[in-house]
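So this first bit is one chain, no partners, the form predicted alone, shown in structure tokens.
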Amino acid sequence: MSTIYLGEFEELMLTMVGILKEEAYGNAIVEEVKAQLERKVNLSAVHVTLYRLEDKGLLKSFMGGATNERGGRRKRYFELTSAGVKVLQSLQEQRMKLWKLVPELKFSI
């Protein structure tokens, strides 16, 4: 597999799908980003990015069943492909390698 480079938001979305696993769908991702990072993200931007990651072969999606709770609408769920898992693992290794090179940070106020 050739090297795949991701933008910050793509990496965030890929990571969130990995965290949420079988509960990874648009609104759940928006809420998880807000809860974990105190960061607001736009649902449309989340969907566009998830579809882009799907086009890159890092995610796959499927439609869930319709529920009365959602007025008969169905959710599109996303999950990591094996290529997505490999990219996520590679990103983690790269980040850890770099963080080990950062000298102890000291701040003065």
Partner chain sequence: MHQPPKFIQSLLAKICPEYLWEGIAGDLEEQFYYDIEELGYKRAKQNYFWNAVKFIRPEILLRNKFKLKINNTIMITNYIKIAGRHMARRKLFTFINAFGLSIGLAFALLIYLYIQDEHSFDKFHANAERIYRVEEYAYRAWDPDPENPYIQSPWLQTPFAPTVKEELAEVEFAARFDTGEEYVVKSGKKIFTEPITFTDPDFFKMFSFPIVSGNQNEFLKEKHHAIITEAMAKKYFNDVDPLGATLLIDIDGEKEFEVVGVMQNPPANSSLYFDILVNQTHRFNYERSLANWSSFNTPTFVQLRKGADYAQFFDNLQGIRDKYMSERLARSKERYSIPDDVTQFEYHTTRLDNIHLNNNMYWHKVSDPQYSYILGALALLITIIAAINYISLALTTSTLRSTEVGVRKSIGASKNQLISQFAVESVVLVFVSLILGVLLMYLFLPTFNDFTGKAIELNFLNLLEIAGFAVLISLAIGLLAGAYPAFFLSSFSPTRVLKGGASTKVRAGIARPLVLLQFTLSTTLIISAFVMYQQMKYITTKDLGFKKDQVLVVPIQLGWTEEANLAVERVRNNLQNEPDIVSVAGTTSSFNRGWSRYGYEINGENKKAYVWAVDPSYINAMGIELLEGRNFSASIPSDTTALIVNEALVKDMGWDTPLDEYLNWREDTASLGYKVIGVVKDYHFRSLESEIEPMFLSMDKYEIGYYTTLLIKLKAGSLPGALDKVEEAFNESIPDKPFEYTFLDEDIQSQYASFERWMNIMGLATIFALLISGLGLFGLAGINVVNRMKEIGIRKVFGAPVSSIFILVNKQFVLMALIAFIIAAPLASYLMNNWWLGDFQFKIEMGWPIYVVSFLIGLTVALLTVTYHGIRAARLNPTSTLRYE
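Just so it is clear, the model here is predicted, and its values are computed rather than measured. Numbering follows the first chain given and starts at 1.
In what follows, reference is made to the form predicted in complex with the partner chain, a form of this protein that is not presented.
Undergrad: Even though the partner chain is not shown here, does residue 63 get within 4.5 Å of it in the predicted complex, heavy atoms only?
TA: Judged by the heavy-atom cut-off of 4.5 Å, residue 63 is in contact with the partner chain in the predicted complex.
Undergrad: Does residue 80 reach the partner chain in the predicted complex, with heavy atoms at most 4.5 Å apart?
TA: Taking the distances in the predicted complex, the answer for residue 80 is no, it never comes within 4.5 Å of the partner chain.
Undergrad: Report whether the minimum heavy atom distance between residue 30 and the partner chain in the predicted complex is within 4.5 Å.
TA: Result yes; residue 30 sits at the interface with the partner chain in the predicted complex.
Undergrad: Heavy atoms within 4.5 Å of the partner chain in the predicted complex: does residue 39 have any?
TA: No, residue 39 sits far enough from the partner chain in the predicted complex that none of its heavy atoms falls within 4.5 Å.
Undergrad: For the stretch 47-61, return the residues whose heavy atoms include at least one within 4.5 Å of the partner chain in the predicted complex, in the order they occur.
TA: Counting only heavy atoms within 4.5 Å of the partner chain in the predicted complex, the contacting residues of 47-61 are 47, 48, 51, 52, 55.
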